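What follows is a single chain, given as structure tokens, in the form predicted alone.
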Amino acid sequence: MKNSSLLWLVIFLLAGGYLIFRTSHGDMGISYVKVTTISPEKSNVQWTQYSKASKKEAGEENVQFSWSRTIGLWVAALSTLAIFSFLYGDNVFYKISESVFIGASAGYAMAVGFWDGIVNLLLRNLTPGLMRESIIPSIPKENHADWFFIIPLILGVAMLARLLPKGGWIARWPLAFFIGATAGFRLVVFFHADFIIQIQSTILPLIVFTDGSFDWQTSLKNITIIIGVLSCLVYFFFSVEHTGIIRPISRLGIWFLMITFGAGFGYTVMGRIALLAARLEFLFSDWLWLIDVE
């Protein structure tokens, strides 16, 4: 056995023994809930609300142990460790956790899309009475069927023709309509955000006065923005050879581009580190009870 494999085996055995010891003493991996009975005014209906409670509240009267949340806590913790195991190398635990995560995300997205798109939008407007009596009692009684939603219903049913052995060509029409409409809406949004707004953001005064006095900070910021935009545009202007005065301006544009790309990469790294810190906080606080962030 290689020295590195032996080292990792010893670490895993020590970590497993530590977890067994902490779990047997009830000092980690336990989730409590606070039970609250809600009685709204002008209503005879009562229901019970369960909210997360800390380990400090475990002795209170309305705080009780939760099996479901404890099992979910352990599943989340072990899945996180399985994902972290990829740092050692590709293994079966990482593959299982990755598959479960992707499958659960796809299933959740499908369930949310079905409820928001089909139930809460299509059926709610086509059959408000049926929805009110069955699963959405909050629909006002004065709402009536909107027959305009027959069109998306027909398009949706036609798109399912893709699953038929013959007649799959029917799904091309609703698919083409959906792609065309989405492209049209996105075109307007991106044109406004990536073109008009950027032009407006560069139409700035070079000299700024605030309350009658010269504001050098705002003036310097505006001058930097305008010089950066113009120099980057000159760098991407390839119809003229970059010689003479064009060469130093394009070189300045390269510096602005590199600073922008570096800032974007740093922002991405900071986001990933924030996700890592959140998972480590979950492991050491909610699961192992080694730190108290409350």
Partner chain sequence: MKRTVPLIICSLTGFILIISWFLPAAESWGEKVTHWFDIVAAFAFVLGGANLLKIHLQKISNRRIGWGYSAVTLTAFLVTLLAGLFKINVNPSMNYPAYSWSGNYLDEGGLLWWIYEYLFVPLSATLFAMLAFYITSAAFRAFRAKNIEASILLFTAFLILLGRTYAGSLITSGLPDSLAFLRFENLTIIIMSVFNLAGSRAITIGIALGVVTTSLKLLLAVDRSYLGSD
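Positions refer to the first chain, counted from 1. Keep in mind it's a predicted model, so treat the numbers as computed, not measured. The term rigid core refers to the most C-alpha atoms you can superpose between the two forms while keeping them within 1.5 Å.
The next section is about a form of this same protein that is not shown, the form predicted together with its partner chain.
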| item | value |
| --- | --- |
| Partner proximity in the predicted bound form: residue 86 to its partner chain, non-hydrogen atom cutoff 4.5 Å | yes |
| Residue 56: touches its partner chain in the predicted bound form, heavy atom cutoff 4.5 angstroms | no |
| Contact of residue 206 with its partner chain in the predicted bound form (heavy atom, 4.5 Å) | no |
| Close approach of residue 194 to its partner chain in the predicted bound form, 4.5 Å, heavy atom | yes |
| Within 4.5 Å of its partner chain in the predicted bound form: residues from 225-249 (heavy atom criterion) | 225, 228, 229, 232, 233, 236 |
| Threshold 2 Å Cα movement between this form and the one not shown for residue 63, core superposed | no |
| Threshold 2 Å Cα movement between this form and the one not shown for residue 53, core superposed | no |
| Per-residue C-alpha change between this form and the one not shown, residue 127, threshold 2 Å, rigid core fit | no |
